[in-house]
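Starting off, we have a lone chain in the form predicted alone, written out as structure tokens.
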């Protein structure tokens, strides 16, 4: 029984069980099965043998789940897009993906069920399941292909490690579906007959309503970025009293600090705290570790854990030679959870993916080392960073700044605090200077940039210079700029 069949089974044995809750809208497993079947039939009849991706544009609506499964049941991968993305970014992704159709929640609601028929299940293990677009260094987003086999390997590992209770779990969904962290709560939830409880951006923007929603959520499995949990911990009432059923906190997407983990263990003494690591190209996460009092006592920087069964992680030098224990190098990941590559970009695929010990492997560009049989993440080789859980290529932001008529050149750097990126700062050379104040210039640039990039990629600070400092070999001295922040 594959993952889709497993999800469909809940629609047969417990059709009234709740699969998803979002802004008081609910979706049952019976509805999910019937309506995704109907959509799959519609897509098959409309597009025939065309296996182009189906783009799904929305914001955590229940219909997005129907669209995801309907696309996959018709043997077409889906491309999740959040409405918070700027239209220009959406247009680029649609053009790159070659999507046959853009589905919105409204489109799915209008699809009749009367002509529903159960489509044949034709998706094989190596068939693309979804394509998730990440930040690209040239300003062009790149689509990571994740197959059914990749996803099943990840979900099987998660289910074995955490032994979720069937029909007994409520998973917090904090990340938008366009961010791969959401795959953890979405498919672990659906595979076990659990309920996905989505937190909309409106709730996140209103702390009082957010805490009220969390109190009534019944969440048992918390899945989020560490920064979201840290934000919640600012409220002293965020504790076991607010979430009495929570059994575990699962983190991925950015660095989990000992301070955040320690405070969670104090506020939620009966819950487990788990740290995980992995890029989008390796299906959400590849390592994990339970962080307890002993781990906090032993390590000042938390490890990201041990490798999932069936996969392998190695630390290599520039020649891809494996380094001894406790030496710092690039993290490479090999195994069935590794993506086959980037959609329609054989050049990027050839650069990042290769064969390692008989398995498909990916160069992460992350620095790390093994110590005490545990993996430690130690930053990036290139200019890619993690900010609030989102992976950002600094070159992507720079390319979009340079595309503006008023900008001659730009360098974007992270503002680091306590060893983690807190925000972005842009150093800008203007094409022409006028008497406009720096405040107004910053406001104008940020507004223009927001038409091109999502909010999490916008620099918080703009510094205007006449020239960049240079290193002896003629390159921009980024280290010197970083010292000025």
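Numbering follows the first chain given and starts at 1. Bear in mind that the values here come from a model prediction, so they are computed numbers and not experimental data.
The same protein has a further form, the form predicted together with ligand AMP, not shown here; the description that follows concerns it.
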Query raised in the report: Can all three of 252, 377 and 386 be found with a heavy atom no more than 4.5 Å from ligand AMP in the predicted bound form?
Result: yes
Query - in the predicted bound form, the residue from 338, 304, 196, 81 that sits within 4.5 Å of ligand AMP by heavy atoms - result: 304
Query - One residue of 402, 267, 369, 391 in contact with ligand AMP, assessed in the predicted bound form (non-hydrogen atom, 4.5 angstroms) - result: 391
Query raised in the report: Hey, in the predicted bound form, does residue 275 get a heavy atom within 4.5 angstroms of ligand AMP?
Result: yes
Query raised in the report: in the predicted bound form, does residue 279 have a heavy atom within 4.5 Å of ligand AMP?
Result: yes
Requested in this report: Tell me the stretch among 234-242, 214-222, 378-386, 350-358 that has any heavy atom within 4.5 angstroms of ligand AMP in the predicted bound form.
Outcome: 378-386
Requested in this report: May I ask you to list the residues of 151-186 that have any heavy atom within 4.5 angstroms of ligand AMP in the predicted bound form, in sequence order?
Outcome: 180
